[in-house]
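Just the one chain here, the form predicted on its own, laid out as structure tokens.
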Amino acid sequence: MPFSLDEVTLHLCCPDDGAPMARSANGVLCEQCHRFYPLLSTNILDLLPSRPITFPGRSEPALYRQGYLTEFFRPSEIRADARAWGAPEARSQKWLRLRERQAREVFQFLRVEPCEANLVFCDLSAGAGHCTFRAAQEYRMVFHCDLSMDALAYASAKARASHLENIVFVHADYFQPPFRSSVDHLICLDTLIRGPWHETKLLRSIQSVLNSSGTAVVDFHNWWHNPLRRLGLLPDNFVGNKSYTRKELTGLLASSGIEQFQTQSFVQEVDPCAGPGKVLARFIPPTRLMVRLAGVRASLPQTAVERHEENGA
């Protein structure tokens, strides 16, 4: 990475106690508890907290709970043959084009104003890095965070092959992120699908990561995209996961302490920027409901449409 560890640590905190970090030989050190966090390779930092979160009762799906614990306690091994979920080598060209369009719409929604050159970006559940690699073209420093060591190993190797040197790969638990009010822009996609307790805890983590003018975009699956599956009239391809109506989503955000937010639909069937798609997108239930939110002490800047309406034009 082109950054010194001294520069990287300015944006980090100890995931155990939230204290500042300092550079140390081959890693970083918490200035309060003095726990050492190693640099696993030239661009992968192991910033996992000392213990996993405790799930309340049985509020979370058993498969998710077990998967989380398995990844948390998996040895921090960088495997040469590692593959991340969503790796393009295992996907069709149609799927990849859809991912590229989704990333385009997410970034357009994330940034009301043109992106400044000096901003810090974080993908909090980054997987194969579809959005990370796009962000690396536009942001000064990019944090690619994941609990899966295979996802980090895969994306890190791909970044080296593409000569992308402004990405810091972080082994992290998104419930206990190693950032405190230090990130300008953040995304967390394909992740808020586990149920209200999980979603609320993760949304609060996301807000804690953002700085005083920071903005995040997250997405939720829309219950109305395919209600026949949700009602059991067609085979369920979303087993164990949660989708939301707009009313449920509004209630979830309110219960998570998020008062200011903006929403935008993502329709996977048509491209709203391409000819007939502009019209058809109005009549097709969106696949996902994207939400734009600010940090704990921040307010959302107005979009161009909102400024236009407020001025009475």
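Here the structure is a predicted model, which is why all the values come from computation and not from measurement. Just count from 1 along the sequence shown to find any residue number.
Same protein, other form: the form predicted in complex with a small molecule, not shown, and the subject of what follows.
A heavy atom within 4.5 Å of the small molecule in the model of the complex is found for exactly one of 244, 68, 37, 266: 68.
A heavy atom within 4.5 Å of the small molecule in the model of the complex is found for exactly one of 191, 205, 166, 181: 191. For the candidate spot formed by 64, 147 and 172, every residue has a non-hydrogen atom within 4.5 angstroms of the small molecule in the model of the complex. The small molecule in the model of the complex is not approached by residue 197, whose heavy atoms all lie more than 4.5 angstroms from it. Taking the partner from elsewhere, residue 135 is found to have every heavy atom lying beyond 4.5 Å of the small molecule in the model of the complex. Within this chain, residue 107 is remote from the site of the small molecule in the model of the complex, having no heavy atom within 4.5 Å.
Using a 4.5 Å cutoff between non-hydrogen atoms, residue 127 counts as a contact of the small molecule in the model of the complex. Judged by heavy atoms within 4.5 Å of the small molecule in the model of the complex, the contact stretch among the candidates 73-81, 210-218, 139-147, 156-164 is 139-147.
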